[in-house]
Structures are given as C-alpha cells and as structure tokens.
Ligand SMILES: Nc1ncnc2c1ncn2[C@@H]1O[C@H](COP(=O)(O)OP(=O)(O)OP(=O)(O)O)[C@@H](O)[C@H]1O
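Heads up, the chain below is alone and in the form predicted alone; it's given as structure tokens.
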Amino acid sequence: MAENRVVLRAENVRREFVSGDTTVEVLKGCSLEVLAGEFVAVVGRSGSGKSTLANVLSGLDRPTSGTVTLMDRDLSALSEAEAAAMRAREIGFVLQKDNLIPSLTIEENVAAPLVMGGTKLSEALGRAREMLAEVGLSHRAGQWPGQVSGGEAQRAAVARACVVQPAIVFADEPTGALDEENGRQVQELLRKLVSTTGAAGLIITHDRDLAAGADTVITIADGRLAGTERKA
C-alpha cells in the first residue's frame, strides 16, 4: 500500500437519532482523513460521540448526511451486502471485549475471518499461526478461549483483526477491560502491526495515556472534532 495514501476520509459527517418527536444530533459535522501506516486516536469523554463516529466511519452505521470514503469508495453508495463484504475485506475490528468464539480454539478464532472469506482451512490456519507468533501466542494456538488470560485473549483478538491484512484496523476501547500492563502490551501490538503492515489504525478511547502512542490525536467533544494534534 502506497505511503501517504488516504485510506479513510470523512467529510462533514452528521448523525441524528429520532425518538418520537425528538431528534438528537450526535455527530455535528465531522471531517477527518486517515493515511496508510498512520495510527490515529480519537479521544473524548463518555457521551462525546466517539463510538457513534467509529460506527459511521467503519460502515456499521450510515451518516444522516455527509460522506465516508474507504479505499476510494463511498460507503453510503454500497448496498448492505456490498458494505458487509468490504468490511470483511478491508477492516479489522478490536473491541473492548475479545468476543472470541468459545467453541473454537485460539488459532481457529484467528483463522475464522479468512475462512469466512473463502480461504482454504489449511491455509487459513497457517496464516493464523503466523499471526499468533507475531503477538506472542504460539503456545496458546490449540487452547480454548476459556483457558487463556484476559490479556492473552485480547492479543488473540488483535491477531484476528489483522490476519486478513486489512486496509484499516478499528479499535474501540481495546484496553478498557485490561490492567495497565496488559493494556500496554495490546497497545504496543496494535502500533507494531499497523507500522509493519502499512495498514491504518484508528483507536477510540477515553484514555489519554493510550492515545499518547498515536501519530495523530483527535479530540471529540459534544459531537464535534474539537482539536487535532499531530506528532512531528
């Protein structure tokens, strides 16, 4: 992927929710760009709109107005099936909870996105083992999610998000359920994988310490992007 290529662009994105006669505007004209190889943190307090922004940017939700472009494609112009296929191909997700499937081994969990995308099982498992080696979990490959620690499960979730070599990885409060040490390890893994694969990374967090490791820190407040800080 070419350096400095714009992977994700949002232009004047607004998101309203209607309940009865009441309309609540959660996003109020947000615009941003994320480049290949760039690690971006969006920080804000609870209720600031950061999770809604993540859902809209990743195509899980559609903006009320404005556009979101991923790899030069307008997500709003895609059908639900096309959007789902693009998410599976171009986006990796890491959430606060690991969401590993308990009936699959760790390596099978990591291989799952590849298998669902049509990769042969043997090849998918081989690539899963490579990713587990990257996150230091080769020794856990054949174990069940219930047999590993919370930190190890979240590292496996990072491996699962990156195994398809997506254009961008979204991480929504990925260290929120972890202690400080495990949180630091997950942060470093995300940063390393974004750097080495050329993917973009976008992390949603209220934790300024976690955001400090990003190339760009964007602050959201009351549904507006209130400031952008880029490292030299």
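Predicted, not measured: the structure shown is a model, and the values here were computed from it. For every residue, the number given is its place in the sequence shown, counted from 1.
The form predicted together with the ligand exists for this protein as well; it is not shown, and the discussion that follows is about that form.
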| item | value |
| --- | --- |
| 4.5 angstroms heavy atom contact with the ligand in the predicted bound form for Thr175 | no |
| Exercise: His206 in contact with the ligand in the predicted bound form, heavy atom 4.5 Å | yes |
| Close approach of Gly49 to the ligand in the predicted bound form, 4.5 Å, heavy atom | yes |
| Distance check, Val26 to the ligand in the predicted bound form, heavy atom within 4.5 Å | yes |
| Contact segment among 39-47, 62-70, 163-171, 188-196, judged by heavy atoms lying within 4.5 Å of the ligand in the predicted bound form | 39-47 |
